[in-house]
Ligand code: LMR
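Here we start with a single chain on its own, the form predicted on its own, put down as structure tokens.
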């Protein structure tokens, strides 16, 4: 029967990984893959994670199942990390998931269960997997303008104009911070305006929160989400621990649903059912490690300190590249790189220019010129800036 299968579209980032791996040049540069890297080009295991894992190894005496909703201490700790005291815990249903992607998938399916005809609105551009998963599930998709290629800032007027077309019962997907792929974020005032729109239109916000702590800090990155959560009746949040805890391969995520207290039992039951039919029980190791870190004052302080080091390192790299590009191009064209936040920005290059960077200089980035800030070489920014300037 397998000969009837149709070829599937190739994931551009996965393809880029393969091309980079096969490139024999010693001075090649990977700016495509979305993982944090230190100054040696390695993705480190965070200090607090190492300590918590050692404690877990010494104390854990069973590998039995935890439960369909996963580690509930982890779920509650993540609720507090994301939402603070913006909303009563009694209104939150949560389920541990295999990574942030797993949380997004589960919440999309929850939308299907609750409102099969709902349209999900996503930013243009957005993380490609948003659209891919929605299409796979056969859900209705609309896009709203988000990024102005000319100014390299949020096209907020375009965003509001497009979202004026949402219908009651639709879902609007927003990036909580560190927008992927552009790095351009909504201001707190803009979050307030979008909140007013959500309320006026009776739509449900869905927050993809993959980079908390990578932008302006743990609490600052959550300000917009918390502001909205304090005002809207319902909300969905997919949060990931891949970036801010460095737990990429351990697949640690959480799906949070805010509703009226009366709907919490039904929502928890639906999340448990979705976990059961998709993977039964989520993986425990990384979630337990995260819960231990967030519950222990010393581990939490060490984690927060290292996370801040990572955040400041990315800001320094952003400023360094912006400065180098200003010198090489004798213009302020790329100053926005320093203003954006998170792991990604888009340089505004054409596909042909991106191809030229790869072929002539061994610089790998996604075709839309999205690059991983954490992959920038601190001692090679001038060289990179010269290469970029040469293809303009």
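Only a predicted model underlies this, so the values are computations on that prediction, with no experimental measurement involved. Numbering follows the first chain given and starts at 1.
A second form of this protein, the form predicted in complex with this ligand, is not displayed here; the remarks below concern that form.
Site residues 36, 215 and 340 are none of them in contact with this ligand in the predicted complex, judged by any heavy atom within 4.5 Å. Stretch 28 to 36 is the answer when you ask which of 28 to 36, 327 to 335, 52 to 60, 350 to 358 has residues with heavy atoms within 4.5 Å of this ligand in the predicted complex. Among residues of the shown chain, residue 130 is not one whose heavy atoms approach this ligand to within 4.5 Å in the predicted complex. Using a 4.5 Å cutoff between non-hydrogen atoms, residue 288 does not count as a contact of this ligand in the predicted complex. For residue 13, a non-hydrogen atom is located within 4.5 Å of this ligand in the predicted complex, even though that partner is not displayed. In the predicted complex, this ligand sits within 4.5 Å of a heavy atom of residue 211. For the options 185, 180, 275, 119, the one in contact with this ligand in the predicted complex, meaning a heavy atom within 4.5 Å, is 180. This chain appears without its partner; in the predicted complex, the one residue of 145, 243, 311, 105 with a heavy atom within 4.5 Å of this ligand is 243. In this stretch, 283 to 301, not one residue has a heavy atom within 4.5 Å of this ligand in the predicted complex; the partner itself is omitted from this view.
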